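Heads up, the chain below is alone and in the form predicted on its own; it's given as C-alpha coordinates.
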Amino acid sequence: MTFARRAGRIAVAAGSLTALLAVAACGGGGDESAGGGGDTAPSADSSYTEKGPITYVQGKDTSGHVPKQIAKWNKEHPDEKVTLQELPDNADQQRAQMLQNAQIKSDKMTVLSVDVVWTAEFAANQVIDELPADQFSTDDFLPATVQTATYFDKLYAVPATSDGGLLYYRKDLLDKYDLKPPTTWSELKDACDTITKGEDKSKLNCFAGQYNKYEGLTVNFSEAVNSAGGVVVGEDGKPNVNTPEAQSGLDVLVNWFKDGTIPKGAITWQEEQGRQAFQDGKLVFLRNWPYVYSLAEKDDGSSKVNGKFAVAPLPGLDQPGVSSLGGHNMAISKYAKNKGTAVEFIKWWTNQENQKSYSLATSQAPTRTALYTDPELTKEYPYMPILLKSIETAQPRPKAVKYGDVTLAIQDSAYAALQGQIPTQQALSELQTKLESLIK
(Lines give C-alpha, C1' and ligand atoms only; values in the text may rest on other atoms or scores of the structure.)
Protein backbone atom coordinates (compact mmCIF):
# COMPACT_ATOMS: atom_id res chain seq x y z
CA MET A 1 0.00 0.00 0.00
CA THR A 2 1.37 3.44 -0.90
CA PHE A 3 1.95 6.15 1.69
CA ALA A 4 -0.78 8.29 0.11
CA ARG A 5 -3.33 5.47 0.36
CA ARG A 6 -2.37 4.80 3.99
CA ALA A 7 -2.83 8.49 4.82
CA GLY A 8 -6.19 8.44 3.07
CA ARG A 9 -7.35 5.43 5.07
CA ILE A 10 -6.25 7.10 8.31
CA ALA A 11 -8.28 10.17 7.40
CA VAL A 12 -11.33 7.99 6.66
CA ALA A 13 -10.94 6.27 10.01
CA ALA A 14 -10.65 9.60 11.76
CA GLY A 15 -13.79 10.82 10.01
CA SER A 16 -15.65 7.74 11.21
CA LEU A 17 -14.47 8.39 14.75
CA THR A 18 -15.82 11.90 14.51
CA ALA A 19 -19.22 10.53 13.57
CA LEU A 20 -19.17 8.16 16.54
CA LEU A 21 -18.20 10.96 18.89
CA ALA A 22 -20.91 13.21 17.52
CA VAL A 23 -23.54 10.57 18.27
CA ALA A 24 -22.23 10.20 21.82
CA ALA A 25 -21.97 13.94 22.48
CA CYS A 26 -24.65 15.45 24.70
CA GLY A 27 -26.97 17.63 22.67
CA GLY A 28 -25.54 16.53 19.33
CA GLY A 29 -23.64 18.97 17.16
CA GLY A 30 -23.77 21.10 14.07
CA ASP A 31 -21.66 23.40 11.98
CA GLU A 32 -20.90 26.71 13.60
CA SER A 33 -22.00 28.44 10.43
CA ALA A 34 -25.52 27.23 11.07
CA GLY A 35 -25.85 29.66 13.98
CA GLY A 36 -27.19 29.11 17.48
CA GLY A 37 -25.02 27.12 19.84
CA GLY A 38 -27.03 26.83 23.02
CA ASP A 39 -27.49 23.07 22.89
CA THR A 40 -24.49 22.24 20.71
CA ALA A 41 -21.79 23.97 22.77
CA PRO A 42 -20.55 21.66 25.53
CA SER A 43 -20.56 23.03 29.06
CA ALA A 44 -17.26 23.77 30.77
CA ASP A 45 -15.70 21.33 33.19
CA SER A 46 -15.39 23.02 36.59
CA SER A 47 -12.79 20.66 38.11
CA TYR A 48 -9.76 22.93 37.75
CA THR A 49 -8.33 22.60 41.24
CA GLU A 50 -6.75 19.16 40.96
CA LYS A 51 -2.95 19.29 40.68
CA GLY A 52 -0.40 16.65 39.78
CA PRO A 53 1.54 15.08 36.86
CA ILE A 54 0.15 15.60 33.36
CA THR A 55 0.93 14.60 29.78
CA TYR A 56 1.44 17.09 26.97
CA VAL A 57 0.58 15.64 23.56
CA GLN A 58 1.75 17.09 20.26
CA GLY A 59 3.02 16.10 16.83
CA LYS A 60 6.65 15.17 16.27
CA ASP A 61 9.04 17.85 17.51
CA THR A 62 11.46 18.57 14.67
CA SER A 63 13.13 21.43 16.57
CA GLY A 64 14.46 19.54 19.58
CA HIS A 65 13.43 22.49 21.76
CA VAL A 66 10.19 21.18 23.29
CA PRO A 67 11.88 18.78 25.77
CA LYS A 68 14.11 21.67 26.95
CA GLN A 69 11.09 23.86 27.55
CA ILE A 70 9.30 21.09 29.45
CA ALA A 71 12.42 20.41 31.52
CA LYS A 72 12.32 24.03 32.63
CA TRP A 73 8.74 23.63 33.84
CA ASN A 74 9.54 20.33 35.58
CA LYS A 75 12.44 21.89 37.46
CA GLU A 76 10.15 24.62 38.75
CA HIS A 77 7.21 22.26 39.45
CA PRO A 78 8.61 18.96 40.79
CA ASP A 79 5.18 17.80 42.01
CA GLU A 80 3.43 18.64 38.74
CA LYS A 81 5.75 17.14 36.19
CA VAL A 82 4.84 17.17 32.51
CA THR A 83 5.58 14.19 30.27
CA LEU A 84 5.86 14.81 26.54
CA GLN A 85 4.00 12.41 24.27
CA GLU A 86 4.99 12.86 20.63
CA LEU A 87 2.61 11.77 17.89
CA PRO A 88 3.55 11.34 14.20
CA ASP A 89 4.30 14.47 12.16
CA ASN A 90 1.27 13.72 9.95
CA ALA A 91 -1.65 15.93 11.07
CA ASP A 92 -4.31 13.37 10.14
CA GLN A 93 -2.62 10.72 12.28
CA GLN A 94 -2.38 13.14 15.22
CA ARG A 95 -6.07 13.93 14.99
CA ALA A 96 -7.01 10.26 14.74
CA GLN A 97 -5.07 9.35 17.90
CA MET A 98 -6.59 12.21 19.89
CA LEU A 99 -10.08 11.18 18.80
CA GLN A 100 -9.37 7.56 19.69
CA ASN A 101 -8.26 8.66 23.16
CA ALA A 102 -11.54 10.53 23.64
CA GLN A 103 -13.62 7.68 22.28
CA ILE A 104 -12.39 5.33 25.03
CA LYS A 105 -12.53 8.17 27.61
CA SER A 106 -8.87 7.73 28.51
CA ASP A 107 -7.09 10.08 30.90
CA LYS A 108 -3.68 9.38 29.32
CA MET A 109 -3.74 12.65 27.37
CA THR A 110 -4.02 15.91 29.32
CA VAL A 111 -2.98 18.96 27.31
CA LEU A 112 -3.47 18.59 23.57
CA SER A 113 -1.70 20.57 20.86
CA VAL A 114 -4.54 20.83 18.35
CA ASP A 115 -4.42 22.11 14.79
CA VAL A 116 -6.36 25.37 14.55
CA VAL A 117 -9.02 23.74 12.35
CA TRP A 118 -9.93 21.07 14.92
CA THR A 119 -11.38 23.38 17.55
CA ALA A 120 -15.02 23.32 16.37
CA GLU A 121 -14.98 19.55 15.84
CA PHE A 122 -13.31 18.78 19.17
CA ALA A 123 -15.48 21.22 21.11
CA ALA A 124 -18.80 20.08 19.64
CA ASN A 125 -17.95 16.43 20.25
CA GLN A 126 -16.69 17.08 23.81
CA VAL A 127 -13.15 15.94 23.12
CA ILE A 128 -11.87 19.11 24.85
CA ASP A 129 -13.16 21.31 27.68
CA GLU A 130 -14.45 24.82 27.48
CA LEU A 131 -11.78 26.77 29.37
CA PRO A 132 -12.60 28.83 32.48
CA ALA A 133 -12.98 32.39 31.20
CA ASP A 134 -11.58 33.97 34.36
CA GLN A 135 -8.29 32.09 33.94
CA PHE A 136 -7.36 33.23 30.45
CA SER A 137 -7.06 36.69 28.93
CA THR A 138 -6.65 36.83 25.15
CA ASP A 139 -6.23 40.60 24.82
CA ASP A 140 -2.55 40.39 23.88
CA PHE A 141 -2.97 37.70 21.22
CA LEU A 142 -3.36 38.19 17.47
CA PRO A 143 -7.13 38.38 16.83
CA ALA A 144 -6.91 35.82 14.01
CA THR A 145 -5.39 33.26 16.39
CA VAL A 146 -8.03 33.82 19.06
CA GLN A 147 -10.75 33.15 16.48
CA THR A 148 -9.26 29.70 15.87
CA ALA A 149 -9.50 28.87 19.57
CA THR A 150 -13.19 29.71 20.02
CA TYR A 151 -16.43 27.89 19.31
CA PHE A 152 -19.73 29.80 19.55
CA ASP A 153 -17.77 32.68 21.12
CA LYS A 154 -16.49 30.47 23.95
CA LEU A 155 -12.81 29.74 24.52
CA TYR A 156 -11.80 26.09 24.15
CA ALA A 157 -8.06 26.51 23.62
CA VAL A 158 -5.21 29.00 23.90
CA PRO A 159 -3.20 30.02 20.81
CA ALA A 160 0.32 28.63 21.15
CA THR A 161 1.80 29.04 17.68
CA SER A 162 0.42 30.57 14.54
CA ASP A 163 1.38 29.85 10.95
CA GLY A 164 1.30 31.65 7.66
CA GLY A 165 2.53 30.15 4.43
CA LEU A 166 5.77 31.65 3.08
CA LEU A 167 7.69 31.45 -0.18
CA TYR A 168 11.28 30.33 0.44
CA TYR A 169 13.54 31.17 -2.48
CA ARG A 170 17.19 30.79 -3.48
CA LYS A 171 18.34 34.39 -3.17
CA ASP A 172 21.76 33.52 -4.55
CA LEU A 173 20.24 32.17 -7.76
CA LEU A 174 17.78 35.03 -8.20
CA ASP A 175 20.62 37.51 -7.69
CA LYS A 176 22.81 35.63 -10.16
CA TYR A 177 20.21 36.06 -12.90
CA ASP A 178 19.17 39.56 -11.80
CA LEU A 179 15.67 38.49 -10.78
CA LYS A 180 13.34 39.76 -8.07
CA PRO A 181 11.20 37.58 -5.77
CA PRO A 182 8.04 36.74 -7.72
CA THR A 183 4.70 38.21 -6.67
CA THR A 184 2.62 36.27 -9.22
CA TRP A 185 2.56 32.69 -10.48
CA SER A 186 3.65 33.75 -13.96
CA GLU A 187 6.66 35.60 -12.53
CA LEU A 188 7.60 32.48 -10.55
CA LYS A 189 7.34 30.33 -13.66
CA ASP A 190 9.43 32.78 -15.72
CA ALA A 191 12.10 32.94 -12.99
CA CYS A 192 12.25 29.14 -12.89
CA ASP A 193 12.63 28.90 -16.65
CA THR A 194 15.48 31.42 -16.61
CA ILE A 195 17.34 29.80 -13.72
CA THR A 196 16.96 26.18 -14.81
CA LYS A 197 18.20 27.05 -18.31
CA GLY A 198 21.41 28.34 -16.78
CA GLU A 199 21.82 25.67 -14.12
CA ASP A 200 22.00 21.88 -14.13
CA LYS A 201 18.37 20.79 -14.62
CA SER A 202 19.11 17.27 -13.41
CA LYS A 203 19.94 18.64 -9.95
CA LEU A 204 17.53 21.56 -9.63
CA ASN A 205 13.73 21.63 -9.69
CA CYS A 206 11.54 24.69 -9.74
CA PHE A 207 8.85 24.74 -7.06
CA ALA A 208 7.02 22.54 -4.60
CA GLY A 209 4.59 22.61 -1.71
CA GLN A 210 2.72 19.80 0.04
CA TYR A 211 0.63 17.56 -2.23
CA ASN A 212 0.37 14.19 -0.55
CA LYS A 213 -3.17 13.17 0.34
CA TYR A 214 -3.29 14.61 3.86
CA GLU A 215 -4.07 17.92 5.58
CA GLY A 216 -1.23 19.70 3.79
CA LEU A 217 -3.02 19.15 0.47
CA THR A 218 -6.13 20.83 1.89
CA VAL A 219 -3.94 23.81 2.79
CA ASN A 220 -2.16 24.01 -0.58
CA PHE A 221 -5.40 23.58 -2.53
CA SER A 222 -7.12 26.27 -0.44
CA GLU A 223 -4.21 28.67 -0.98
CA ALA A 224 -4.33 28.14 -4.74
CA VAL A 225 -8.08 28.79 -4.80
CA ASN A 226 -7.88 31.84 -2.51
CA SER A 227 -4.87 33.27 -4.39
CA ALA A 228 -6.86 33.17 -7.62
CA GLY A 229 -9.74 35.12 -6.07
CA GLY A 230 -11.91 32.12 -5.19
CA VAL A 231 -13.12 30.59 -1.95
CA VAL A 232 -13.74 27.10 -0.65
CA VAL A 233 -16.41 28.26 1.79
CA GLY A 234 -17.76 31.79 1.62
CA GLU A 235 -18.20 34.29 4.45
CA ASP A 236 -21.83 33.14 4.69
CA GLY A 237 -20.59 29.69 5.70
CA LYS A 238 -21.76 28.07 2.47
CA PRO A 239 -19.50 26.11 0.09
CA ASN A 240 -18.75 28.01 -3.13
CA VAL A 241 -15.84 26.16 -4.70
CA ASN A 242 -17.32 25.39 -8.12
CA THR A 243 -16.33 28.72 -9.69
CA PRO A 244 -14.07 29.95 -12.51
CA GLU A 245 -11.76 31.56 -9.92
CA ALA A 246 -11.30 28.30 -8.02
CA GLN A 247 -10.69 26.46 -11.29
CA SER A 248 -7.99 28.98 -12.24
CA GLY A 249 -6.15 28.24 -9.01
CA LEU A 250 -6.41 24.46 -9.30
CA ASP A 251 -5.46 24.61 -12.99
CA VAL A 252 -2.14 26.23 -12.09
CA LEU A 253 -1.16 23.33 -9.82
CA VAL A 254 -2.35 20.72 -12.32
CA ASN A 255 -0.50 22.36 -15.22
CA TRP A 256 2.68 22.76 -13.16
CA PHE A 257 2.68 19.05 -12.44
CA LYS A 258 2.20 18.36 -16.15
CA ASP A 259 5.01 20.62 -17.38
CA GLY A 260 7.50 19.78 -14.62
CA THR A 261 7.43 23.12 -12.80
CA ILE A 262 6.50 20.97 -9.80
CA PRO A 263 8.51 17.73 -9.81
CA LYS A 264 6.30 14.65 -10.20
CA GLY A 265 7.73 13.14 -7.03
CA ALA A 266 6.26 16.00 -5.01
CA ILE A 267 2.84 14.32 -5.25
CA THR A 268 4.01 12.29 -2.23
CA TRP A 269 5.55 15.19 -0.31
CA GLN A 270 4.52 16.57 3.06
CA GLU A 271 6.22 19.47 4.86
CA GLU A 272 9.37 17.58 5.76
CA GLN A 273 10.08 16.16 2.30
CA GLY A 274 9.79 19.64 0.80
CA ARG A 275 11.99 21.14 3.49
CA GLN A 276 14.66 18.50 2.93
CA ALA A 277 14.63 19.02 -0.83
CA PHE A 278 15.05 22.77 -0.40
CA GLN A 279 17.81 22.33 2.18
CA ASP A 280 19.59 19.92 -0.14
CA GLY A 281 19.65 22.58 -2.86
CA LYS A 282 17.19 20.77 -5.12
CA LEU A 283 14.52 23.50 -5.33
CA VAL A 284 14.52 27.14 -6.39
CA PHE A 285 11.23 27.88 -4.60
CA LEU A 286 9.38 26.21 -1.72
CA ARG A 287 6.01 26.91 -0.15
CA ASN A 288 6.23 26.01 3.53
CA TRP A 289 5.75 27.24 7.11
CA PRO A 290 8.06 29.45 9.25
CA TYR A 291 9.62 26.49 11.10
CA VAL A 292 11.72 25.72 8.01
CA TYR A 293 13.77 28.90 8.38
CA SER A 294 15.78 27.93 11.46
CA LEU A 295 16.50 24.46 10.07
CA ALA A 296 17.54 25.65 6.61
CA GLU A 297 19.77 28.28 8.20
CA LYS A 298 21.79 25.78 10.26
CA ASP A 299 25.54 25.89 9.71
CA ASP A 300 26.27 22.35 10.92
CA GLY A 301 26.36 20.88 7.43
CA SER A 302 22.73 19.73 7.40
CA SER A 303 21.71 22.52 5.02
CA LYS A 304 23.33 23.32 1.68
CA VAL A 305 21.44 26.61 1.39
CA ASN A 306 22.58 28.22 4.64
CA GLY A 307 22.99 31.94 3.89
CA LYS A 308 21.73 31.49 0.34
CA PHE A 309 17.96 31.83 0.74
CA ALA A 310 15.36 34.39 1.74
CA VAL A 311 11.60 34.59 2.33
CA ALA A 312 8.82 36.39 0.46
CA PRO A 313 5.00 36.43 0.50
CA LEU A 314 3.26 33.67 -1.43
CA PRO A 315 2.59 34.60 -5.07
CA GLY A 316 -0.89 34.63 -6.56
CA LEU A 317 -2.66 34.88 -9.91
CA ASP A 318 -2.12 38.58 -10.57
CA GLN A 319 -0.95 39.85 -7.17
CA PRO A 320 0.56 38.42 -3.96
CA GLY A 321 -1.23 35.29 -2.82
CA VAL A 322 -3.22 34.33 0.25
CA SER A 323 -2.05 31.87 2.89
CA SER A 324 -4.24 29.41 4.71
CA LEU A 325 -4.18 30.13 8.41
CA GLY A 326 -2.17 27.53 10.27
CA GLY A 327 -0.93 27.02 13.79
CA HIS A 328 -1.62 25.07 16.94
CA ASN A 329 -3.63 25.76 20.07
CA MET A 330 -3.38 24.17 23.51
CA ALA A 331 -6.53 22.52 24.85
CA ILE A 332 -7.44 20.28 27.78
CA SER A 333 -8.78 16.79 27.16
CA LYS A 334 -12.30 16.22 28.48
CA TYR A 335 -11.20 13.07 30.28
CA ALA A 336 -7.94 14.34 31.75
CA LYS A 337 -6.92 14.38 35.39
CA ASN A 338 -5.07 17.20 37.17
CA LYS A 339 -6.73 19.93 35.13
CA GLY A 340 -5.55 22.57 37.59
CA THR A 341 -1.99 21.82 36.56
CA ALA A 342 -3.04 21.77 32.92
CA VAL A 343 -4.41 25.31 33.20
CA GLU A 344 -1.23 26.62 34.81
CA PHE A 345 0.98 24.81 32.28
CA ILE A 346 -0.90 26.32 29.33
CA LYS A 347 -0.67 29.82 30.82
CA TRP A 348 3.04 29.32 31.46
CA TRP A 349 3.78 27.85 28.02
CA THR A 350 2.01 30.64 26.17
CA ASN A 351 3.26 33.61 28.20
CA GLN A 352 5.27 36.22 26.31
CA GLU A 353 8.67 35.21 27.68
CA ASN A 354 8.27 31.55 26.74
CA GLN A 355 6.75 32.34 23.36
CA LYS A 356 9.74 34.51 22.57
CA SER A 357 12.28 31.86 23.57
CA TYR A 358 10.34 29.25 21.63
CA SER A 359 10.22 31.42 18.51
CA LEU A 360 13.93 32.24 18.74
CA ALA A 361 14.78 28.55 18.98
CA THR A 362 12.38 27.22 16.34
CA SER A 363 11.40 30.17 14.06
CA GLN A 364 7.76 29.23 14.65
CA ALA A 365 5.26 32.07 14.52
CA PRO A 366 4.25 33.45 17.94
CA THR A 367 0.64 34.33 18.77
CA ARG A 368 1.29 37.39 20.95
CA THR A 369 1.11 40.60 18.92
CA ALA A 370 4.00 42.41 20.62
CA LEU A 371 6.53 39.77 19.59
CA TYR A 372 6.30 40.72 15.92
CA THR A 373 8.08 43.99 16.71
CA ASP A 374 10.43 42.57 19.34
CA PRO A 375 13.97 43.79 18.42
CA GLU A 376 15.69 40.50 19.19
CA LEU A 377 13.19 38.44 17.20
CA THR A 378 13.13 40.75 14.19
CA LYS A 379 16.92 40.81 14.13
CA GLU A 380 17.10 37.03 14.17
CA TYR A 381 14.24 36.63 11.70
CA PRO A 382 13.99 39.67 9.40
CA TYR A 383 10.95 38.20 7.68
CA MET A 384 8.73 38.76 10.76
CA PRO A 385 6.80 41.65 9.11
CA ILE A 386 6.14 39.41 6.07
CA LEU A 387 4.98 36.62 8.35
CA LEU A 388 2.68 38.93 10.31
CA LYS A 389 1.02 40.11 7.10
CA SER A 390 0.69 36.50 5.93
CA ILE A 391 -1.16 35.63 9.15
CA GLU A 392 -3.30 38.76 9.22
CA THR A 393 -4.48 38.26 5.63
CA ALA A 394 -4.72 34.46 5.83
CA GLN A 395 -7.96 32.64 5.09
CA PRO A 396 -9.14 30.03 7.60
CA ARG A 397 -10.00 26.56 6.42
CA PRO A 398 -13.67 25.55 6.83
CA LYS A 399 -14.74 25.70 10.48
CA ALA A 400 -16.91 22.59 10.60
CA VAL A 401 -17.96 20.03 13.18
CA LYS A 402 -17.47 17.33 10.54
CA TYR A 403 -14.05 18.70 9.65
CA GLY A 404 -12.55 15.24 9.17
CA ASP A 405 -15.04 14.51 6.41
CA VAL A 406 -14.67 18.01 4.93
CA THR A 407 -10.89 17.84 4.62
CA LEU A 408 -11.03 14.31 3.22
CA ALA A 409 -13.48 15.46 0.54
CA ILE A 410 -11.12 18.30 -0.42
CA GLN A 411 -8.15 15.96 -0.52
CA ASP A 412 -9.98 13.38 -2.66
CA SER A 413 -11.00 15.92 -5.29
CA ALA A 414 -7.73 17.85 -5.38
CA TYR A 415 -5.57 14.72 -5.47
CA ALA A 416 -7.58 13.20 -8.31
CA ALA A 417 -7.13 16.41 -10.33
CA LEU A 418 -3.39 16.63 -9.62
CA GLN A 419 -2.99 12.99 -10.66
CA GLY A 420 -4.79 13.73 -13.95
CA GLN A 421 -7.56 11.27 -13.12
CA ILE A 422 -10.36 13.82 -13.60
CA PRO A 423 -10.58 17.33 -15.13
CA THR A 424 -10.38 20.26 -12.73
CA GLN A 425 -13.95 21.39 -13.49
CA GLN A 426 -15.29 17.94 -12.63
CA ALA A 427 -13.21 17.83 -9.45
CA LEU A 428 -14.64 21.13 -8.26
CA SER A 429 -18.21 20.25 -9.23
CA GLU A 430 -18.03 16.98 -7.28
CA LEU A 431 -16.37 18.73 -4.35
CA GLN A 432 -19.12 21.36 -4.24
CA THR A 433 -21.74 18.62 -3.96
CA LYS A 434 -19.83 16.83 -1.20
CA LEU A 435 -19.28 20.00 0.83
CA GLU A 436 -22.92 20.99 0.56
CA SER A 437 -23.87 17.66 2.15
CA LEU A 438 -21.30 18.10 4.96
CA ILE A 439 -21.67 21.79 5.82
CA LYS A 440 -25.30 22.54 6.58
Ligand code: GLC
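Start at 1 and count along the sequence shown; that's the residue number. Just so it is clear, the model here is predicted, and its values are computed rather than measured.
The same protein also exists as the form predicted in complex with the named molecule; that form is not shown, yet it is the one meant from here on.
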| query | Would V322 show up as a contact with the named molecule in the predicted complex if we use heavy atoms at 4.5 Å? | reply | no
| task | Find out whether any non-hydrogen atom of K213 is located within 4.5 angstroms of the named molecule in the predicted complex, and reply yes or no. | result | no
| task | Would you check, heavy atoms only and a 4.5 Å threshold, whether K402 touches the named molecule in the predicted complex? | result | no
| query | Though only this chain appears here, would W289 touch the named molecule in the predicted complex if you measure heavy atom gaps against 4.5 Å? | reply | yes
| message | Please tell me which of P315, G249, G209, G326 lies within 4.5 Å of the named molecule in the predicted complex, judged by heavy atoms. | response | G326
| remark: Checked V225, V116, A342, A365 for heavy atoms within 4.5 Å of the named molecule in the predicted complex; positive is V116
| message | So if I measure heavy atom distances to the named molecule in the predicted complex, which of the stretches 347-355, 125-133, 213-221, 296-304 falls within 4.5 Å? | response | 213-221
| Relative to the named molecule in the predicted complex, which residues of 387-406 have a heavy atom no more than 4.5 Å away? | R397
